[in-house]
Ligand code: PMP
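First, one chain by itself in structure tokens, the form predicted alone.
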Amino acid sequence: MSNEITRFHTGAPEELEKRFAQRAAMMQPSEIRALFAVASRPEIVSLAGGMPNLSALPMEMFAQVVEKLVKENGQEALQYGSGQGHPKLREQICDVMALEGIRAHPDDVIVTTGSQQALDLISRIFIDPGDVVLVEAPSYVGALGTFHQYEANVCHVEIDQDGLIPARLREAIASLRAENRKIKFLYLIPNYQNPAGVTLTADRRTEILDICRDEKIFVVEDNPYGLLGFEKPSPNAMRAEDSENVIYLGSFSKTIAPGFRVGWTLVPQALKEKLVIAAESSILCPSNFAQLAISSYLADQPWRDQIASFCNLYRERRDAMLEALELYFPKGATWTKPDGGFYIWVTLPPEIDTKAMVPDAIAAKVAYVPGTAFYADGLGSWSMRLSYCYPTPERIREGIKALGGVITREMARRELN
């Protein structure tokens, strides 16, 4: 197992490395990618990846949507499109965002190849080497990788069960300002956060927006999970409260299907031109076919009911994982209890190194992501992210039981030493 994981970290030959641009040295694979070859084995219960569970998606229906699109509108669907995205889909995206209180105009929406591309474009526009990006502690591994490639310095800000702590944000900003550091934006996932699963409360959203507005720091609100609440809707999006200082990222990967790779960013009007130029230079235009397939689905199918089906599926799996954690994890372990989304964050006693424990977990036929993947500064070694979105409830219970045994044995070994 260790050889397979190590293989992803081997670099290019030294002779070739000298020919790369300096920024290429910043490109490193994530710890999640390094686990994929092992975690994808059928005998392994993977609690590592965040793949949406498409078993609730009626494939026959989508086949009909695509067939109708090609037959009736194939000339447009298979052609180049606008760099900003298809006008009809941008209108429909505004309808989707309205569910979370956002009033938006289609002209301010830019369709991207997943929200990850939007994050890359924003970073390209704003970040100079050495600039500071504020993020939650822990934060989304894909964002950390992007910021790293653009040579930003990442400053983590503490969270708790109610999300980012405003007082800690104030302290971080004051400390950085005292050092004359340039802060470009705050990046956060307010709803069912990846990786911690927590949701930022409504009152904290307002306070954080006030802080960032006063300090002239943009807020990048990444919201792929906002419609996947289990018991109640999430609070209104931060963008709903501030249209001038919030850059909003959305995606259909979690609410429809990731294979289409359709996301978007809603930007303050003053930023739109730069974002469109950056998008056009990156991919020329997003896929017309994928956009029109999504658009046809939104126009002709009961997509709100489909989201409700996903919520039911993920709620059942979350409940299975929480029950199994109570049964099989040792005393001294704690975990978050998400109200939606895909993830649970587990905290173990500080002497436990979850990264070093991965080989033992794989030997026990279970995979997870060590907490260090979600920090830019090497912290998080005592924590792990568990994903409940993809395995069946039965497999989740099996995996948690096996992982609980691994942790229990590791804690006992530590006590003996």
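Don't overthink the numbering: it's just position in the shown sequence, from 1. What you are looking at is a predicted structure, and each value in this text was computed from that prediction instead of being measured.
Keep in mind that the form predicted together with this ligand is not shown, yet the notes after this line are about it.
For the chain shown alone, residue 196 is not a contact residue for this ligand in the model of the complex, no non-hydrogen atom being within 4.5 angstroms. Using a 4.5 Å cutoff between non-hydrogen atoms, residue 114 counts as a contact of this ligand in the model of the complex.
When this ligand is considered in the model of the complex, residue 261 lines it closely, a heavy atom lying within 4.5 Å.
In the model of the complex, this ligand lies farther than 4.5 Å from every heavy atom of residue 338. With the partner removed from view, the residue among 248, 345, 297, 187 that has a non-hydrogen atom within 4.5 Å of this ligand in the model of the complex turns out to be 187. Note on contacts: among 90, 239, 254, 318, the single residue with a heavy atom within 4.5 Å of this ligand in the model of the complex is 254.
The chain is drawn here without this ligand; in the model of the complex, the stretch among 115 to 123, 330 to 338, 167 to 175, 310 to 318 whose residues come within 4.5 Å of it by any heavy atom is 115 to 123. Within 4.5 angstroms of this ligand in the model of the complex, the stretch 190 to 227 places a non-hydrogen atom from each of 194, 222, 224, 225, taken in sequence order.
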